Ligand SMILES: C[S@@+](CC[C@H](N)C(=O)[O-])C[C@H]1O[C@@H](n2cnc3c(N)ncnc32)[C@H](O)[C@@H]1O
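Single chain ahead, by itself, as structure tokens, in the form predicted alone.
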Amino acid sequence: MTAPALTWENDSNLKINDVEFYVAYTSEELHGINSTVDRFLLGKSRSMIEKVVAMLGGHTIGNVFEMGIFKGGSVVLYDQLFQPNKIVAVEFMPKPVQALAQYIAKHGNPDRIKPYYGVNQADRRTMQKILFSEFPNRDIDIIVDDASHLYEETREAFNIAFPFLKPGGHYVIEDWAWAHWSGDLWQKDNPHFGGKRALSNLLIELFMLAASRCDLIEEIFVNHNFIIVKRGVTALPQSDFDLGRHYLLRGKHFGAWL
């Protein structure tokens, strides 16, 4: 598949096909600007978008599962970039995104782009119900976690969703490095992340899993924005997978010390 052209007016204004995006990364813009059906707020940087396109844009993508809808921009981005057969997305907040509903009515249909609201990514029962219903063949090509960014929740979501990723598929974890960003907001008291264990603990576990079981994780790409895990070929259990059971640490227990 050839990725569609990205037309940049500047670092904040992007157009793909007939859809416009406003690319923002500051808290003020993310919470102060709303999406419309013709112009979606996208909480990513230009370099982040271009890197994803460079790495994944040439793949044939049939199914996408995303955690974290926010204001709908990323769901629309992946629809425009990959033109998949199905996109399923879950969001913790219960209120539906009106602009996304309008986009689905205009560009797709309810069976192809399916948002679920009021879903905690760490709720195994609800998540598995959605995944088994939408992807019974466990054939997801790309999973994107742009939800809580918290270690415990993101780790549990990985355990739940990773078995539904097909061999050779990619699992993307965004904003993993927040505990290491500069500035008082990140290094002192943060209203959302303060007192929480760093998400980089999960990156350490993924490295150990890749080292111990290359049949489960074939490779990992990391930069300051995201982690991309490429799934190996071995079949995984559907209901009780836990990455901590599959890596070797000389008999020690990894305690997520960061």
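In case it trips you up, residue 1 is the first one in the sequence shown, and so on. All figures in this text were calculated on a predicted structure; none of them were measured in a lab.
Below: the form predicted in complex with the named molecule, not depicted.
- Only one of 39 to 47, 219 to 227, 197 to 205, 55 to 63 lies within 4.5 Å of the named molecule in the predicted complex by heavy atoms, and it is 39 to 47.
- The named molecule in the predicted complex comes within 4.5 Å of no heavy atom belonging to residue 102.
- Under a 4.5 angstroms non-hydrogen atom cutoff, the named molecule in the predicted complex lacks residue 126 among its neighbouring residues.
- The shortest heavy atom separation between residue 92 and the named molecule in the predicted complex is within 4.5 Å.
- Taking the partner from the other structure, the named molecule in the predicted complex has no heavy atom within 4.5 Å of any heavy atom of residue 80.
- Contact annotation for 133 to 169: residues with any non-hydrogen atom within 4.5 angstroms of the named molecule in the predicted complex are 146, 147, 148, 149, 153, listed in sequence order.
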